[in-house]
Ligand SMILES: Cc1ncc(COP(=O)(O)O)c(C=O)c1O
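A lone chain, given as structure tokens: the form predicted alone.
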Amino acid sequence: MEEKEIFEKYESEVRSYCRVFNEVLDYAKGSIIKDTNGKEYIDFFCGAGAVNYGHNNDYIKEKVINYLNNDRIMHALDMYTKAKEDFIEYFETQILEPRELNYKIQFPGPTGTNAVEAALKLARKVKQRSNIWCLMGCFHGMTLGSLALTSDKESREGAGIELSNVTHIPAPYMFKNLDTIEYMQTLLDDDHSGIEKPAALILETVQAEGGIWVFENEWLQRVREFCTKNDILLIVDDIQVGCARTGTFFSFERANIIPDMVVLSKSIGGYGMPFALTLFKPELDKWLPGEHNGTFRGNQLAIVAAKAGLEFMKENNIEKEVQRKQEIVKKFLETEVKPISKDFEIRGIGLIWGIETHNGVLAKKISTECFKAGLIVERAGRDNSVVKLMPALTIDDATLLKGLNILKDTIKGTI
């Protein structure tokens, strides 16, 4: 059977990324991926944010291999294990306590949507309200509870049933003359609004799939005040933009706010392994034993990789490095890419950036041609019109600039 034919014959039509990145990939190290023909690609996709520390990070790999070689326990549901004990202690003392954050940790299952589903269920249980508020433009997952939040039309249509108990609020960038905070307060105060008071408001501080929209610190602070005033839990979804992607471990640190709950996945797995956390203030821990569970909520190898990833992040000053590299990307996009077209807008923070083309067909062509030229970039936003840049946080300056120049040259040759 010819290369790629097996996928066409046997794999479901649901596959998506391979329709643009359509070579058989085989090797990955740092920020470089190679296909089976030996062609190299600079990775500005980063496993959709799952490999912040680069592919096959040596430090993390050594910890994982040692764990395997010593026949350490691999599957334990939610039983006590040495690996989990070590992770919890490190996460609490090295990540949470220095930030003056007091959270209980739940291991809800291996993926981001598992973490979101757990947060929604707990919020509803604690507040005894069924409605959840979220923002238009958000992405929170593809299982039914998370999908009810997710605003993308095509994703929602795949559910096949009514998605309920959610109210979508206009995002702050959508209408120039609408104060989103005042709008939400009006919904609560107006006895004819027709909108039920929610148990929680969930948001991403940077809407990634929504088109790389960075919410202002002041707006995030006002949201925190709004939720406190109205007895509504604030949930921050840091699945894609957490783990130092924005320049601080948690994306909300820049606004100096403390959410009631935080959901993490993707790069918290350290090595691209499935892993997720739901964090919440201790007073919210109203679960009964086994009330929310999952067979793979104790992914021991991912726990080992996660702790190693956190160690690597701290020992290599990744947060500061991201802040430094942010300026490289920002300057390049503003001076080298934005002038190519009067229609382009540049948005981003840390090492997540978007080029708004206002043209979904053009954005797809740019992504396709970049891949042919040796650069992997995906798309996001309305009509998928935003070219999305998300390199590894560990990428060296030379490779970063090489990738940016491939992007620039491809755009010039595409328009």
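Only a predicted model underlies this, so the values are computations on that prediction, with no experimental measurement involved. Position 1 is the first residue in the sequence shown; the rest follow in order.
Note that the form predicted together with the named molecule isn't included here; everything after this is about it.
Asker: Wondering, does Gly298 line up within 4.5 Å of the named molecule in the predicted complex on heavy atoms?
Answerer: It does not: once the named molecule is placed as it appears in the predicted complex, Gly298 has no heavy atom within 4.5 Å of it.
Asker: Is there any non-hydrogen atom of His140 lying within 4.5 Å of the named molecule in the predicted complex?
Answerer: Result yes; His140 sits at the interface with the named molecule in the predicted complex.
Asker: Would you check, heavy atoms only and a 4.5 Å threshold, whether Gln240 touches the named molecule in the predicted complex?
Answerer: Close contact exists here: in the predicted complex, Gln240 approaches the named molecule to within 4.5 Å, heavy atoms only.
Asker: Report yes if any heavy atom of Gln106 sits within 4.5 Å of a heavy atom of the named molecule in the predicted complex; otherwise report no.
Answerer: It does not: once the named molecule is placed as it appears in the predicted complex, Gln106 has no heavy atom within 4.5 Å of it.
Asker: Report the residue, out of Pro259, Gly112, Gly309, Pro198, that has at least one non-hydrogen atom within 4.5 angstroms of the named molecule in the predicted complex.
Answerer: That would be Gly112.
Asker: Can you pick the one in Lys84, Lys325, Lys266, Arg224 that has a heavy atom within 4.5 Å of the named molecule in the predicted complex?
Answerer: Only one option qualifies, and that one is Lys266.
Asker: Please name which of the stretches 127 to 135, 279 to 287, 204 to 212, 168 to 176 has residues with heavy atoms lying within 4.5 Å of the named molecule in the predicted complex.
Answerer: Partner-contacting stretch among the options: 204 to 212.
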